[in-house]
Each structure stands twice: as structure tokens, then as C-alpha cells.
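Two separate entries follow, structure 1 and structure 2, each one form of the same protein chain as C-alpha cells.
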Structure 1
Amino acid sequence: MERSEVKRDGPALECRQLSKIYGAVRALDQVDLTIRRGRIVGLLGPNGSGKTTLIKTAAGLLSPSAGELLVCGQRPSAATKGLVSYLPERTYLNDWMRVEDILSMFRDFYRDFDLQKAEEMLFRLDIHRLDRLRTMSKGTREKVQLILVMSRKAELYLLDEPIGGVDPAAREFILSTIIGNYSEEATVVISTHLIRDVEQVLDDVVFLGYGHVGLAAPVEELREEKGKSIDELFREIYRC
């Protein structure tokens, strides 16, 4: 699908009775979910709740066992991969690679990759083109990968645990990068179990527990209705 043909009046992501089964395990169990455009959405849940499975299905890396998932009105395909910018939970970049190698790879592979934007963000971190990933701290490698993902002009950004395993200072940089580097017409889905850290940047939340959507609503609406933070509400529902 060409970007000009994308339906902009519908949801960014829609699940209809979506299930994903691994043997006897139902990672996703008849999920119904609609995520609107132009929102930063927290996909929140404990470990093993199905967050990564949902994100990988939306990214086109997994196929549903039953039901349907739509990205911008289309089933995941080679065409929708051009609309989605995906940050996996674990890095897929080889640590021998130099920054210039990675920039070249993204520029060649993604026609919507904004090289200038990526270079500007890397410059602010004092990361040079000849630097190798193996010389960087874990937090810096996480920042580099996020910068690459957010430098694409995508319709839907899928970020799987972007702040997991990094220190608080790195989390702050990562969240500010997410907020400052996406189009207002695009949608960002952040999967995480670190709710307190991301709550401040979210428009909507989806509580996912053991393959089921427990709650999906705007953040401000929930705070006003429940009189609690999103972190407090989540801990109450899932007793964690």
C-alpha cells in the first residue's frame, strides 16, 4: 500500500476477537481493541501478559491464531510494514557495527528514514559516526536504537519495553525523544511494566493481563473517575 492510499479516518490499530495460541498457552485470548490515531498509548501489563505478542502481531512478525488485527485499516503485510516503525525488546543490531553502518542500513531499507533527524539526535548525545556499538553502555545502545526507530516518518510506532533495563536518566531521555520526534497524526504504542515512569507522557492506556484487555481508556478520564494515578489503579486491579 502506498502511503498516499492510507485511510486516515480510521483507527491506527484495531483488534477483532484476536487470539494467539502457543500450544496450551493463550497469549492473546479474543482481544477486542481500538487505538485511535494521534495518541501516545501505554500498553501496560505484568510480565507474560501478552504485550510483546500483541506488538509483534501488529508489526507483522506473528500471525493470529484466530480473529483479526488491522493496521491503518489493513491486515499486516509487506505494505503495512512500511507504515510501522518497530522497536523490539532486545536489540537486533550487531555490536561490531559502527554508527555509520547502521545509518546507511536504515537509509537504504526505509524510504521514510530521516537521516538528518537521526544525525542531529546522535550529535546531541556526542555519538560519532565511527563509534561502534560494543564501545557503548547498554543505555546508550538503547538510545541509539530508539533514535533510529523514531527517525522514520511512520504512521504507527510500536515500542516494546523501550525503558526496560536502563537507568532513570536514560529513561528520561528516551521518553523525551519519543514525545519530541513523532508526527501529531501518528500513533505511538509503548509496551511496558514500568508504569510510573511512562504515565506522564500517555494519552490513553490499555491494561493487558494474561491475554485479556482489562481496561482501555484515556488517562485523564481514568484519573478523574478513579481519583488515582494509573500506576495505583493498575496495582489495584492486578494486585502487584
Structure 2
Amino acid sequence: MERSEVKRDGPALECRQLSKIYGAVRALDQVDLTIRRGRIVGLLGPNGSGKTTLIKTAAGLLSPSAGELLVCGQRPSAATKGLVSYLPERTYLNDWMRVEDILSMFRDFYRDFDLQKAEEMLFRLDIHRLDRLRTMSKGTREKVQLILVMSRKAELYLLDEPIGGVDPAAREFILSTIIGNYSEEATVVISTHLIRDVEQVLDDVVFLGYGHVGLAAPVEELREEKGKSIDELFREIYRC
């Protein structure tokens, strides 16, 4: 059955028996998962656990092999892409563009894009409108990308490894940009394996390992129940 209605009150993200198979590898294996609205969710797992696959499927960049994934009650489509603000784990910007080109592109395509907010954040980082993306360092380009993504007033933010591969100072900037800019009613999914750095900002965690959901619960509940930090719990479950 084709779902065409975007639900404003149901879960932000729902997976039902979702599988994604690459050749002989099951990146996601019959995953059932519900992510509620208004939560900051850590999608945690070791490398190759299926985090990126799940996020890319939700962003509409991968087609499920079986099962289904719903964003605000709808299968990924042009309509859901208007609700999702996605930060990939790589640079996707056209490097021939200037900052002002990419700003006007986001303003043209996303109705929820706050140009003024983006310009303010760029100004604070001393990034100018006429700067070319080609001349920027990888780290600066990633920051521009994060600013673009967080300047949207989206329903669901999908942030794939936003703090992976950056220095501790940049990590702080990235996390404060995320926390300081997402809209309260929105849902934020942050995928990472650097749990200690994000633990303090999370409401819920989903442990993903080898294509399966190992655990999905609110952070406070887990801390109280297990008497451990999320980082310690993760290390215990996924010990090599």
C-alpha cells in the first residue's frame, strides 16, 4: 500500500522488518525500530554496524532490500525529503560553488531554510559569502555543510558521523551547533561510534551491531537500571 500522507503526530522514523543486503553482506537484517518525535537519539554502533545504511535509507539514498522504512509515516519521497535535514559522512558540495551559491541553493529548495541564521553562523567562523568551497580545508567544508543542515527548521535531522575524524575543539563546535540550532519539536538522530563525546546530549540511544538492533531505550532509564554510563554499557555489549 502506498502511503502518501505525511503524519505530524506519529513517530519520526519507523522501520518494519527493514533489511538491506549488499551481495553476501546483510547491512541491516530485519530491523524493527521506532524513533519518537522531539528526541535526540544516538545511533550507536561499531564501524560497519549498519548505522550509515540506516540513515541513508531514511534519507532516500538507498532502497531497502526488504521491509519498509517510514519517515513521518511516509516512505522516502520528495515530500519526506522536505522534512529531513541530512548530513552525510562525506562532503557532497559542488566544489566549484561559492558559499553564496550553496546558500541560495538551500534557500531555493528548502522552504524551512533560515538564511539569516546560516549567514550568522558562517560569519562567526570567518567564512565569507564569496569564498570558494574548493579553496577550503576539508574541516571547513564540513563545518559549512553542518551549518547548512542545521539552519533548516526540519522535522527530522539525520546526522551521520558528524564528529568522526575531527579534533576535540571542532567536536565541541559541532555539538554546540547541533544542540543550539535544532528546533525543539524536531527529532535528531546522530550516528557515531564516539559515544563518550555525545552521551551527555542524548535522550535515547539505539545500539546497532552487525545489522541488528541490540538495544533501544532512553538514556536516563539505562543509566539508572544498569548503573553504568552509555559508553561503558556499549563497551560491555560490543567487546571484541
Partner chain sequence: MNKLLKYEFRATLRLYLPLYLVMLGFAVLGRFSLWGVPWKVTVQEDLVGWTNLSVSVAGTGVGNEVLAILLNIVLTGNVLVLLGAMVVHFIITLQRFWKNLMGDEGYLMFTLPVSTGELLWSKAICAFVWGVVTALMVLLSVLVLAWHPQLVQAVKQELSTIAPEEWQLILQMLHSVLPPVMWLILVAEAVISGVGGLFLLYSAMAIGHTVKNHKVLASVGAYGIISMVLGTAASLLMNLLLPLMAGIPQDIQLNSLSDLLLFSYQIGRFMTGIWLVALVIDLLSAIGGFLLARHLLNTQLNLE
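Basically, rigid core = biggest C-alpha set you can superpose within 1.5 Å across the two forms. One-based numbering along structure 1's sequence throughout. For clarity, every value in this text was computed on a predicted model and none was experimentally measured.
By the stated condition, namely the form predicted together with the partner chain, the second structure is the one that fits.
Annotation: Cα of N94 displaced by at least 2 Å between the two structures, core superposition.
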